[in-house]
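Below you will find one chain, with nothing else, as C-alpha cells; this is the form predicted on its own, and questions on how it binds or moves follow later.
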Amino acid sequence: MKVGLFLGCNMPALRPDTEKAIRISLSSLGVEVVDLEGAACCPAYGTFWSADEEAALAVSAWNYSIAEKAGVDMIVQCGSCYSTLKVGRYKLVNGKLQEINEKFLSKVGMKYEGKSDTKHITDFMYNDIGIDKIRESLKYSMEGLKAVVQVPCHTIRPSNILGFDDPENPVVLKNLTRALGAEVPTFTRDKQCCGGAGGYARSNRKAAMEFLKLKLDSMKEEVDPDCIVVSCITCLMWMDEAQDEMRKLGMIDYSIPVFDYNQLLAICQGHDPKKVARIAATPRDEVIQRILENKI
C-alpha cells in the first residue's frame, strides 16, 4: 500500500517529531510513504481562497498533479490542509478542472485528471488500515490511561464533501485511541473547537485562550484525563503551547499533555519517544513512562 504524504507548512517546520511519528508508524503498518516533491501550500483559506479562488484552485490542482503523477492518493494530518485540498478537488472535478489545466498547469507541463484524491490520516488509519492491524502492531499499551480526543473541526464540515465520520457524533479518532488501550470518556464540551484557528488566535489571543480554557476546565473537572489526543498540527500546537502560556498568566493551575495520535501509536509500537514525541511545551514524560510500563 502506497500513499503520498502531504506535509503542509507547519509540521515539517515546527513539529518535525510529529512528521517522524507519522512516517515511522505507517512504515510499521506496511505502508510505503511517498514524498510529494514540489508540493506547495494547500493553500490555506485565509490566504489565496479569500483573495483569488482561481489561484487557489490552480495551486490545489498542482498538488494533485504531483500525487497523480506518482500514482498515489494523498494523506494529510493538518485539518485545514485536508479541508482545503478536499474542497479544492470538489470544485475542480465539478466544473473547473479543464479551465485550470489549460490556463495554468499546461504552462509547466503538468495536468490533473481528477484521479488522485485526499484522505485525512485518521480516515486512512481507520478505514484503510483498520483497527485489527493497528492492534497487531503494538508492543506497548495505553491501558490504565484516560484520554480525551480533539477532532479537527475542518474534517467534519461540510460533511457532504469532507465527511468520513458522523459530524454530530464523530467516533473515528476515539475508536483509534481505544485501539491503543486507552479509556476515552466524553465530557460536556467534547465537540468544541480548540480555538486555535489562525484568524481567531492571531486577532484576539486572549479571547482564544479564554475559549480554550472553557474546554480544558470542562475536561479537567468532568473526566480528569491523562492526555489529549489530536490529529491536526494546529490543534496540537495550540492546545500544547497555549496551556503553557495560560499557566504563566495564572489562568489555569494544571497541565494536560497533548499528543498527536501517530505519536502515541509510534510509542506503543516500540519506537523511541525521543524521536517521535520530543517537542512539547506541556510535559509528557509521565504519560510516556506509563505506556512503556505496559508491555504487551
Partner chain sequence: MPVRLSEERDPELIKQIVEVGGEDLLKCYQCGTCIADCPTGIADEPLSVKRLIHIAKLGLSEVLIEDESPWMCVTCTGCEERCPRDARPFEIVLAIRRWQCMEDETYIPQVLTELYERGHTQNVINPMREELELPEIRSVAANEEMLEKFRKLLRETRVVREHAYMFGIQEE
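Predicted model, so just to flag it, every value in this text is computed and none were measured. Numbering follows the first chain given and starts at 1.
Note that the form predicted in complex with its partner chain isn't included here; everything after this is about it.
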Check your understanding: Taking 2, 141 and 281 together, does each of them reach its partner chain in the model of the complex with some heavy atom inside 4.5 Å?
Key -> no
Revision key, fill the gap. If we test each of 124, 187, 164, 200 for a heavy atom within 4.5 Å of its partner chain in the model of the complex, the one that passes is 200
Practice item. Classify residue 47 as contacting or not contacting its partner chain in the model of the complex by the rule of any non-hydrogen atom within 4.5 angstroms, answering yes or no. Key: yes
Check your understanding: Wondering, does residue 66 line up within 4.5 Å of its partner chain in the model of the complex on heavy atoms?
Key -> yes
Review point. Just to confirm, residue 37 within 4.5 Å of its partner chain in the model of the complex by heavy atoms?
Key: yes
Check your understanding: Quick one: does residue 133 come within 4.5 Å of its partner chain in the model of the complex, counting heavy atoms only?
Key -> no
**Study point:** Contact segment among 174-182, 115-123, 206-214, 70-78, judged by heavy atoms lying within 4.5 Å of its partner chain in the model of the complex
**Key:** 206-214
Exercise for review: Taking only heavy atoms into account, state which residues of 237-276 are within 4.5 Å of its partner chain in the model of the complex, ordered by sequence.
Suggested key: 274, 275
